[in-house]
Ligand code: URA
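Next up: a single chain in structure tokens, the form predicted alone.
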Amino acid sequence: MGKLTLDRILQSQGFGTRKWCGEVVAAGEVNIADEIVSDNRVFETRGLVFGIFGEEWIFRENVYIALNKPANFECSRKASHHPGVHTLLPEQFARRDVQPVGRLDHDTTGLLLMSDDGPFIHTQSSPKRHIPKVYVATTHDPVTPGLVASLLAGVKLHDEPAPLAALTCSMVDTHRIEIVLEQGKYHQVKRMLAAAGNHCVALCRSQIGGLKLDGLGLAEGEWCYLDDAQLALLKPD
């Protein structure tokens, strides 16, 4: 963004309206380099670190985050039956219009990307990207070699013109299966398991592209910013 006045910097980061941000500055609630800044001077935004209400923030032109989504949270701004995933994030993110990249069902857990970068969201959500996503499904009935074989060969789903197959599929234990998909169809894992003769009782997304949930160190409900190296893992090979 280059150089901006301090009120516009705070506004761009989701702290409130420009008028409100100007009042916060005038009240001496903002500091930069341990100096209270109470006038609305201009600052270079690149690499800017500022404090507001005693909390430190780094200026980010766009936000890219990973959330370890718990069960019973909806990936919707207008949640209807359960809290929205936005309630797990700082309120500034909602003002910045941070949105989920794709969706997980309310009862599905695991890795969820979120951002306020529209082109990034569109690109990551596009089926043309062919980015593999790894899921671990807990099944109602025991996992069998026949179930794995069916998912690898492809199963026919209602309203789909052709059978859908897993990229890879393997047994984790007696009632868990790891399945890798790239299509991202509606309720795809659950529907594929049902079509193959079993039933999904729990589902977790553990990886998107080369970005692994385990490598982020996030407990359920926790989130983190993604750096350039982690974002690069989301690109197709």
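All residue numbers are counted from 1 along the displayed sequence. Since this is a predicted model, take the numbers as computed values, not measurements.
Below, we refer to the form predicted together with uracil (URA), which is not included among the displayed structures.
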**Prompt:** Should the three residues 150, 156 and 196 be counted as contacting uracil (URA) in the predicted bound form, with contact defined as a heavy atom within 4.5 Å for each?
**Reply:** no
**Asked** Applying a 4.5 Å heavy atom distance criterion, does residue 108 contact uracil (URA) in the predicted bound form?
**Response** yes
**Request:** Evaluate residue 135 for contact with uracil (URA) in the predicted bound form, applying a 4.5 angstroms cut-off between non-hydrogen atoms, and reply yes or no.
**Result:** yes
**Asked** Would residue 98 sit within 4.5 Å of uracil (URA) in the predicted bound form, counting heavy atoms only?
**Response** no
**Asked** Quick one: is residue 68 in contact with uracil (URA) in the predicted bound form, heavy atoms, 4.5 Å cut-off?
**Response** no
**Request:** Please pick, from 212, 60, 176, 187, the one residue with any non-hydrogen atom lying within 4.5 angstroms of uracil (URA) in the predicted bound form.
**Result:** 187
**Request:** Identify which of 104, 121, 131, 143 has a heavy atom within 4.5 Å of uracil (URA) in the predicted bound form; exactly one of them does.
**Result:** 104
**Asked** 188 to 196, 24 to 32, 46 to 54, 168 to 176: which one contacts uracil (URA) in the predicted bound form at 4.5 Å, heavy atom to heavy atom?
**Response** 188 to 196
**Complete:** Within 191 to 212, the residues having any heavy atom within 4.5 Å of uracil (URA) in the predicted bound form are 203
